[in-house]
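Listed next as structure tokens is one chain, alone, in the form predicted on its own.
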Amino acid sequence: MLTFILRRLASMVLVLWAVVTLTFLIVYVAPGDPFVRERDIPVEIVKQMKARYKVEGPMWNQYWSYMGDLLKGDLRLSLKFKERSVNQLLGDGMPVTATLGLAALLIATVGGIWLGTLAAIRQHTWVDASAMFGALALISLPTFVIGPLLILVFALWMHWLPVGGWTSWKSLILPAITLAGPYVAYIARLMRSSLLEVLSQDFIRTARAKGLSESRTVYRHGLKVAVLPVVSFLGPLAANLLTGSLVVETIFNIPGAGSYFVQSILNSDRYLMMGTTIVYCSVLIVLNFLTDLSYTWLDRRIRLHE
């Protein structure tokens, strides 16, 4: 186990370095100059600005300078947001985005597993058909449709929840449901097919032959193995949800970090673009690593190769 962890940590560092390097090269050769605007700026001022933001000199000099700052945890100053660093921008937005993502992840995981399990144990009944129809509807409806519909019903008609903003825990409910909706459907369909396959295996038939009740057989023996494909899906899903959704944050006027990536592209803000990419990649790598470790706990038949 220790050898596996050390090897994975080394590969994680290597992957992160490759992502940072590739992103830097793409940003460097991308067209657009953040210091060129409609009005003319004196050449001397432009030179001073480039020196301040460390965007002058040969490419490789800039690359090694950036890597040195990155190792110290410095994501540098944003080229668009005056006198604000990328660390400050992401530090302000990421807690909000992470809270929304965690809430959506919880809803998607619990709701999807429950719905998929219910459909599997009631296969070929109206419960199964209704659950899969609901899952299909959630997959088909985009978030920019689900969000306004929830606002219309629960905020404008019933006055139960706020329309948007980020003021209290009630402000979290509608955006979290909107963000989780399609993923509830994905997990439900995945869980249903996995559980049906597990319930046809020999160890389930053995448990039934021993006289165990159907509910005990399903929930104690089948569910723990059937959830493995869902766990595999949760790694990248969690990274996606935790790093934010621009559409949902825009619909509900949430001050998260989701909009920074798009703004960085439009404004040629190279350091903000790289900072958001590094954060997303880091979260994805770590969560995939934790997903692999969770396999041995869920299914003792699985052993991690040294």
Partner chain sequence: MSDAVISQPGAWSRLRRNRTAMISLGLLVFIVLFAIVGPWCFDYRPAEPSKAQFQPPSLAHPFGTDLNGRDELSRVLQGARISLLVGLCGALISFVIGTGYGMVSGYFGGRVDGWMMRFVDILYSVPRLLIIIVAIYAFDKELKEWLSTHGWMGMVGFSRIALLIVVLGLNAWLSLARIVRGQVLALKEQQFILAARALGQSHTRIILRHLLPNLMGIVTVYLTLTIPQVILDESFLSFLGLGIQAPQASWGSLLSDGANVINPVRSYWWLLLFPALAMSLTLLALNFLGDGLRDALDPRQKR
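Numbering follows the first chain given and starts at 1. Rigid core (definition): largest C-alpha set, two forms, superposition within 1.5 Å. What you see is a predicted model; the values in this text were computed from it and never measured.
Only in words, not in the display: the form predicted in complex with its partner chain, which the text now covers.
- In the predicted complex, its partner chain sits beyond 4.5 Å of every heavy atom of P95.
- Under a 4.5 angstroms non-hydrogen atom cutoff, its partner chain in the predicted complex has L284 among its neighbouring residues.
- In the predicted complex, its partner chain sits beyond 4.5 Å of every heavy atom of I45.
- When its partner chain is considered in the predicted complex, P148 lines it closely, a heavy atom lying within 4.5 Å.
- Listed residues V127, L102, L141, I173 were compared with its partner chain in the predicted complex; L141 is the one with a heavy atom within 4.5 Å.
- For a residue to qualify, one of its non-hydrogen atoms must sit within 4.5 Å of its partner chain in the predicted complex; none of M59, I177 and N253 qualifies.
- The stretch from 130-138, 80-88, 104-112, 223-231 that comes within 4.5 Å of its partner chain in the predicted complex, counting heavy atoms only, is 130-138.
- Residues of 171-201 that come within 4.5 Å of its partner chain in the predicted complex, judged by any heavy atom, are R189, R192 in sequence order.
- Fitting the two forms on the rigid core leaves the C-alpha of H124 displaced by under 2 angstroms between the shown form and the other one.
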